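So this first bit is one chain, no partners, the form predicted on its own, shown in structure tokens.
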Amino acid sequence: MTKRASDVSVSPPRRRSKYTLAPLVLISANVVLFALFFAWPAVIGLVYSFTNYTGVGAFQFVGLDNYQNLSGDSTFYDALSRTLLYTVLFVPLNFVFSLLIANVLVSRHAKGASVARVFFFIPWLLSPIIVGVLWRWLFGENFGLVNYLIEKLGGSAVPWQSNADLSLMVVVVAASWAWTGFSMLLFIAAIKNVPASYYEAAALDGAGPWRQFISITLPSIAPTSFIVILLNTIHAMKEYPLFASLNNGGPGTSNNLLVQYIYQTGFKSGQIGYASAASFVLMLILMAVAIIQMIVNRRVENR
């Protein structure tokens, strides 16, 4: 027995939207740019890390020799430890500054909040080179404004650049100043999304501003806090132009960070293969940091 034509349900032909191609074109452009400027250089760098390439001429594959030599390189460990110290100092300082300013600017009692947001956001728009030059004028050991004022008040000039720890602290404060605006905007958006009814109920229960901040604001903006910490950590681990313009990693090489070590090894010493191996170690560290922070954030959200 054969089915009649009327019993067979025939789905109408799917009509292609006239806007279907637009997203594909936009995505294709991004994919091409990603492949050209990230994927392909990453593959080339990975290949170079297993060679003795010097930047010119041919190269030979040396296997894991670059990674083995890196594991015994004291200069590499010095740069890595200084990078971790800089990150540990910069991330909490920037977090506290930006959260404090954001909390003040969203207060009902804040005056001129719009102007203040622009004022705090301007440093983030500046090039790290410009930020370094500005802070060098402030904390230059022989010509800086801060030492000039200290000496005018009868004190002695502070070795802002010849002391390695003070030199690092100046960069930490300068970086926090420059990045506060970006983190502040993220926190302002997060705090504004906290329902006002939470604060009204807490106020009825007698909770003061500090208790409301600890018990309501901080837990409510936890996802944003995670993003701020993650972005600042990755940024700090890759910092280079601010150091180069402010003190060039000095005094000497005491404040050379990992990226500066990679740059000097690859482009000044002509050891592209060795520098590529160091770059991939840095990438693995960043990936490990990101994965750990994502796991911690997920566990906090599931509580």
Partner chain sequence: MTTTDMPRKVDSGPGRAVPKKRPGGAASGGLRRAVPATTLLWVLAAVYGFPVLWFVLSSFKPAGDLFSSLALFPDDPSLSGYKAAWDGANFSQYFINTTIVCVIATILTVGVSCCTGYALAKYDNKWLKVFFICILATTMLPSEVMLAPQFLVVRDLGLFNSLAGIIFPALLTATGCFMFRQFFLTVPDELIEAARIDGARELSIFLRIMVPISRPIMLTLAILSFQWRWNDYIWPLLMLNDPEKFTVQIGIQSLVGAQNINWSVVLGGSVISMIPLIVVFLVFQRYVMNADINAGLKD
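So that the term is clear: the rigid core is the largest set of C-alpha atoms that superpose within 1.5 Å between two forms. Positions refer to the first chain, counted from 1. This one's a predicted model, so the numbers in the text were calculated from it and none came from an experiment.
The discussion below concerns the form predicted in complex with the partner chain, not included here.
Proximity to the partner chain in the model of the complex, defined as a heavy atom within 4.5 Å, holds among M169, L85, I130, V194 only for I130. Think of it this way: in the model of the complex, the partner chain has a heavy atom of just one of N103, T233, N163, S225 within 4.5 Å, and the residue is N103. Looking at Y148, you'd find a heavy atom of it within 4.5 angstroms of the partner chain in the model of the complex.
The partner chain is not shown here, but in the model of the complex it comes within 4.5 Å of a heavy atom of S276. The partner chain is not drawn, but in the model of the complex it has no heavy atom within 4.5 Å of F50.
Interface residue remark: G112 is counted as part of the site for the partner chain in the model of the complex, having a heavy atom within 4.5 Å.
Residues from 124-146 that approach the partner chain in the model of the complex with a non-hydrogen atom closer than or equal to 4.5 Å are W124, L125, L126, S127, P128, I129, I130, V133, L134, W135, R136, W137, L138, F143, L145, in the order they occur in the chain. Once the rigid core is overlaid between the shown form and the other one, F267 does not reach a Cα shift of 2 Å, moving by less than that. With the core held fixed, the Cα of Y148 is displaced between the shown form and the other one by 2 Å or more. Relative to the superposed rigid core, the position of the CA of L26 differs between the shown form and the other one by 2 Å or more.
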